[in-house]
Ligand SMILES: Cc1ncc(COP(=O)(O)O)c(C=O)c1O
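This document opens with one chain alone, in structure tokens, the form predicted alone.
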């Protein structure tokens, strides 16, 4: 058996302490389960910040990565590669007609989206360069994306903020309408806010935002880094929205990360072709973006989700969890609200739990997350078994019941 304490000491010695790491060494994963270096088993209901959309070490993803690694490892984007094209075809089928730019993360995808919105805003002598985002949003940790993120805490110590980013209250359409001016290039919003507390908008808000962008020539960006790839019970969460004319609400640009690589570093900016064409050679790039191994895995993720009906499954499992939590009499005095869609769930508590809440859940054998001080987040693999999902919910309930 490995010396866990020695590993932890080496970790503290050699790794920068920017993460609030728990004193656990995860050694192995399979499906919705994890094992630490001491052999303790956990049900993983957070899936690596939602990244392991198909769980840990899915055999078809291992096969896709292995076969591609034996065929072509890396060549760079001066050439076409088949995995990129095949994956982009899947995005075109399940999202909207568009074209892809590939990178490593959601933050990079959001950077690309904001650059593209500015490029569009500069066409024909225009001077549109400002990007509007929403309070409680999260768009990444690069210098530009912390300026876009609607939480000043992420900018603390990194001032001055990159100029051109403005925040308004999410869901307040009058405030958004008033903020748009002749210099506004884009609006970026999460269909469901993740880090901010699994927050949702009034049902008519997305349609109003879409109509505003159309009227004012503003690029609408949906940050689906948390909500994409079937997690919310739709392929992409914006597909829940109803437009003012009764149809859907489609963005000009969509960004993906986390689940789109199944745990590998993949980011995607997906743009309508008439906008995407503005990224001509020299305007943007990413040396390792669209790496063939990562693309082969991303393509396979979409194939498995479609073949196994996992989008509908996420919706059904989410409804089941909400029903269980609402019916649990022991929690009625503790839960203020249940939010989210499908298997992106937020359990808002009436008061913030005492320090060590996540650790107490781990002691019961379940991995979860706490955000916005008092919102418990659940985001398990969307192919989690009924048995593991119910067992995990049992442990979450017991952890909540035990809170003072």
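It should be emphasised that the depicted structure is a prediction, and the values quoted were computed from it without experimental measurement. Positions refer to the first chain, counted from 1.
Although it is not shown, the form predicted together with the named molecule is what the next lines describe.
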message: Under a 4.5 angstroms heavy atom criterion, identify the one residue in 133, 110, 232, 219 near the named molecule in the predicted bound form.
response: 110
Interface residue in the predicted bound form among 225, 297, 198, 237, criterion: non-hydrogen atom within 4.5 angstroms of the named molecule: 225
- request: Although the named molecule is absent from this view, report whether residue 302 comes within 4.5 Å of it in the predicted bound form, heavy atoms only.
  value: no
message: So, residue 105 and the named molecule: in the predicted bound form, are they within 4.5 Å at any heavy atom pair?
response: yes
task: Answer yes if any heavy atom of residue 165 is within 4.5 Å of a heavy atom of the named molecule in the predicted bound form; otherwise answer no.
output: no
Residue 140 within 4.5 Å of the named molecule in the predicted bound form, heavy atoms: yes
- line: Within 4.5 Å of the named molecule in the predicted bound form, heavy atom basis, the matching stretch of 319-327, 305-313, 237-245, 188-196 is 188-196
statement: Contact check, 61-99 vs the named molecule in the predicted bound form, heavy atom within 4.5 Å, ordered by sequence, gives none
